[in-house]
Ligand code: PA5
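A single chain comes next, written as structure tokens; it is the form predicted alone.
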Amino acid sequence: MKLHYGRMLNDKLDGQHGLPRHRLQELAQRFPAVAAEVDTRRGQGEYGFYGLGRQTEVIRGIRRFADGVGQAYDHVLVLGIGGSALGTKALLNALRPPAWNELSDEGREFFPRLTILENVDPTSMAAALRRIDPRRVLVNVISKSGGTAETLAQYLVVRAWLDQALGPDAAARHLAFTTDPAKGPLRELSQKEGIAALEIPPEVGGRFSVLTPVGLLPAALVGIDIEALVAGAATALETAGRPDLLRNPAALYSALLWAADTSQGARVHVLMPYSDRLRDFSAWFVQLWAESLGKRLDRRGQPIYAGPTPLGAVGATDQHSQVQLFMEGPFDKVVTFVRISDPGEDVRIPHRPDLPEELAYLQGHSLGELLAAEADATSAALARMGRMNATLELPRLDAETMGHLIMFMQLATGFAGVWYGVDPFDQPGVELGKRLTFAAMGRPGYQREGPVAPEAGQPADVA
């Protein structure tokens, strides 16, 4: 995997916008202190995802489950939200054929269909339960804490559906929990009812957990090579140990985006893969970058209100919806393109007689050629307009490369936490919303923290 970053620099743009080239040397001189802080915090128990490049026993356990119990089902239903769902969606989208659930058994090589319910929208839930056969489904309930309100609500609905169709004893055999190894409601239920349960490492936060059993179990069940995923992650981890910033792509990427934000006002970070297969990867990145870096307080507890705003886009589709803004709007964005050198499959554009000139030029080319040309042209056009952009070039999109790409982004996030001076592993703003939700739903120990309706005599502010 290669990071092309020249168009982050003003001498490759319009000479007015972008980072001055001397900033590279300044960032490189500061990097040893950044790397040292990462090492120190790893020693204190943070950055637990660094351990995910070595998971021999975990993979063996998942393989035993997937090749044993997992073979009894033709549909996998994942219940989770945020980091418990987005990574799995990204893996399925990237590494299984498009429209996976619509393929025949032969088209799926007899691996199960996979449905991911990541919200508590009743319409989505009801529709899923109508189309899935409870006799043939394995339900994977994922929550690190075991107490996520949305996921537990999903579980209670699905458990009643299974109980009604199969009976309580048989229903338990259609369930697998992925949760904390020792505590939480899901762990308690698994021990009480004999429900299979996999462990999420306590030191790995939810949004960093796709390369744990959170993502590896569903991936293995649908035939994704999880050994290759972890091998790719190990390669990224090895590269991230380089002390030279300019030879450490994940660290350099984080430094450039931080510098663009804090010195150039580029506070919107767009990830724009030129592949439909990476559409859900962009959504995964948005959560990772936003929840890790958007903080009100710095590490010392001082107000900072830091954090870039991540945005997902897909080329060439969003050239026709967002690129006008990127091109001529405020100079407040960095666009990162993701390109795949060998897409693995291409479609030729056929010849037809007597075509108008406006169509005839496309003949003899391919869709892959057109997509690559659009990516090059968009990057060059942005640069000509003084807009910072970078490109991540992947040799191909397979399990090993995907594991590398996922770990690359997690490493960049970890480094960025040091550049910004924030804790990339907490989420106090999310926790406040959870507490208010618990109170609104009547969970014991939680009280409403303020009026939810206008006081008497005050306007309702409703249009």
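The structure presented is a predicted model; accordingly, all values stated were derived computationally and were not measured. One rule holds for the numbers: they count along the sequence shown, beginning at 1.
Unshown form predicted together with the ligand; subsequent notes refer to it.
When the ligand is considered in the predicted complex, Gln427 lines it closely, a heavy atom lying within 4.5 Å. By the criterion of a heavy atom within 4.5 Å, Ser84 is counted among the residues contacting the ligand in the predicted complex. A residue is said to contact a partner when one of its heavy atoms sits within 4.5 Å of a partner heavy atom; Arg207 meets this definition for the ligand in the predicted complex. Contact check for Ser145: a non-hydrogen atom falls within 4.5 Å of the ligand in the predicted complex. Of the listed positions (Glu118, Glu291, Asp280, Asp261), a single one reaches within 4.5 angstroms of the ligand by any non-hydrogen atom in the predicted complex, namely Glu291. The contact residue chosen from Thr309, Gln71, Thr317, Gln287 relative to the ligand in the predicted complex is Gln287, the criterion being a non-hydrogen atom within 4.5 angstroms. Heavy atoms within 4.5 Å of the ligand in the predicted complex are found in one stretch of 145 to 153, 363 to 371, 87 to 95, 100 to 108, which is 145 to 153.
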